[in-house]
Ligand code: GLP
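Here we start with a single chain on its own, the form predicted alone, put down as structure tokens.
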């Protein structure tokens, strides 16, 4: 795992978008794992701009989203299907047949989870997985006590997640209590992980996820085991990290990041 500290949320999001864009240019057939949430909106906005202004091409790419609520239809404004369409898919030239999300309305959720897991494998696995982090340390909806080798499955949402996400629901639709999510093990099998976190409210959990012990209570700590995981944070989210001098040195000196420093 490597940690990069950028000055502002905007700079952190821009670096994240540029890493994704480079991966897509290097491999037009990229299989990209996608996340949702407010932190990702700026990233997707930048990718849309790159598509429009720099001809960033998504036509051959394939995507798999981390999760979807159970009992929420794809056309609901509260679904992650709707989120992805509004923030990214309708603005770029992706083939929507290659944009995958779990079906929250599947009659058999367990079968849907197995099918989703199989679809990822049939596409050769995920090349680059974009991640956010919840305040309880979850990636996807892998809530506390998620097994570190778990696969795509149904998961009960924690009260903290319900309280946090219910504020984002519009209309009279109730906040679901369950979701389909990629498992921690599924995420760890991606060839590269890229986690973005910004804001002071993420500082405590970022410190635990990056510098704390690996534990099923905080699923993001499993990323410490990944051979190619990059955590990008702004100064506010980095406030409780101990080794900030070294993390800043990595971005300022490692050859891998030279093209991104300008």
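Please read all numbers here as calculations on a predicted model, not as lab measurements. Positions refer to the first chain, counted from 1.
Here the subject shifts to the form predicted in complex with this ligand, a form of this protein not shown in this document.
Contact check for residue 133: a non-hydrogen atom falls within 4.5 Å of this ligand in the model of the complex.
This ligand in the model of the complex comes within 4.5 Å of a heavy atom belonging to residue 80. Contact between residue 165 and this ligand in the model of the complex is found at the 4.5 Å heavy atom cutoff. In the model of the complex, this ligand sits within 4.5 Å of a heavy atom belonging to residue 66. With the partner omitted here, the stretch from 30-38, 45-53, 215-223, 233-241 that lies within 4.5 Å of this ligand by heavy atoms in the model of the complex is 30-38. Within 4.5 angstroms of this ligand in the model of the complex, the stretch 185-222 places a non-hydrogen atom from 202 alone.
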